[in-house]
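One chain is shown next in structure tokens, namely the form predicted on its own.
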Amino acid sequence: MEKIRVMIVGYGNVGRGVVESIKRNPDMVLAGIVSRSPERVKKTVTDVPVLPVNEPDVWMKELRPDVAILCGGSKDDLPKQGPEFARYVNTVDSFDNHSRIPEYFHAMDEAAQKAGHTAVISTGWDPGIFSLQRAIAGAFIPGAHAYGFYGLGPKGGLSMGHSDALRTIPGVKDARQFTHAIPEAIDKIRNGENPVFEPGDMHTRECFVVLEEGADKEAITKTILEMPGYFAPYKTTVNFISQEELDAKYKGFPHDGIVLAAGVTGNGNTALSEYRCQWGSNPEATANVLVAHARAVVRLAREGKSGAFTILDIPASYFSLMTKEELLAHCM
């Protein structure tokens, strides 16, 4: 079968991770990249076309994509780009503002249905893999509530979405945000409790911010602490540092997390489900999950299915390179 032609939209850390992931998936080929800054991207990408993001007629004709992987941020990029790109091509994205996923799903479903395209939204490792684990845990242990925790190590885990949200604030030159799980909250679940947590009961957030010259520290701190959907519900620490210190101390993108659910089975026996993943590179982890979903999108589209989908709607076999016979032999 002809290889799946993938177009990358946005060439930041996730976009670079998608390029590397495509190299490891023999059924795919990188058709090209579209960007708001094509001249910048062309300095490092010379083997595929790089086109302006605002010229859909050009990139649809020249790149002929089967699917577009949208690598923009969730705060400002994807709410606008997602429905727009769904008009032209099948899409996959990692929209990760959990509180707004229902709203985003309906916008994407409307746009994709109208165009006859297929769109998978909000995938990566959370939302995405962890969303599936939450659904499974709640189904297999009835009455249990599944919880997700992130940043289990002493240094916490670097959140791309929250870091991107910090960088959208006027006066912020660069920033990293680390999430820290609260160990006592995890212990309660492992002890068999099903506590009702507020968001701030499970995690704290730590921000390292580089300011533009002349920026107002107090105003930026206030904006961070009051940012809805990102920092407002949490205990958040804001640290202002130099670019040199940020680059030296906080390079790399490690992250990890766990989904926990506790309950009882029919005879009152205790049950505990745990799923953990650890990533040396958060953007590369997200990129690899996006690429597997790109395969699933194309398979759904070839079946004539249109509209928006999540990981909860897609058969697991659609993500895999294996045949049905191989899956039965090696995964069952």
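C-alpha atoms forming the largest set that superposes within 1.5 Å between two forms make up the rigid core. Because the structure is a prediction, the values reported are computed rather than measured. Numbering starts at 1 and runs along the sequence shown.
The same protein also exists as the form predicted in complex with a small molecule; that form is not shown, yet it is the one meant from here on.
- Candidate spot Val89, Glu110 and Ser306, all three in 4.5 Å heavy atom range of the small molecule in the predicted bound form? So, no: the whole triplet misses the small molecule.
- Task: Tell me, out of Tyr104, Tyr150, Trp125, Phe231, which residue has a non-hydrogen atom within 4.5 angstroms of the small molecule in the predicted bound form.
- Result: Among Tyr104, Tyr150, Trp125, Phe231, a heavy atom within 4.5 Å of the small molecule in the predicted bound form occurs only for Trp125.
- Message: For the interface check, one of 59-67, 262-270, 295-303, 29-37 should have non-hydrogen atoms within 4.5 Å of the small molecule in the predicted bound form; which one?
- Response: Going through the listed ranges, the match is 29-37.
- Query: So in the predicted bound form, does Thr310 come within 4.5 Å of the small molecule, heavy atom to heavy atom?
  - Reply: Thr310: no, not in contact with the small molecule in the predicted bound form.
- Task: Look up in the predicted bound form whether Val172 has a non-hydrogen atom within 4.5 angstroms of the small molecule, and give yes or no.
- Result: No, Val172 is distant from the partner.
- Wondering, does Leu166 line up within 4.5 Å of the small molecule in the predicted bound form on heavy atoms? Answer no; every heavy atom of Leu166 is more than 4.5 Å from the small molecule in the predicted bound form.
- Give a yes/no on whether Asn282 approaches the small molecule to within 4.5 Å in the predicted bound form, heavy atoms considered. Within the cut-off, so yes.
- Core-aligned, is the CA shift for Ser131 between the shown form and the other one 2 angstroms or more? No, the C-alpha moves less than 2 Å.
- Item | Arg167 C-alpha shift between the shown form and the other one of 2 Å or more, rigid core reference | Indeed, Arg167 is displaced by 2 Å or more.
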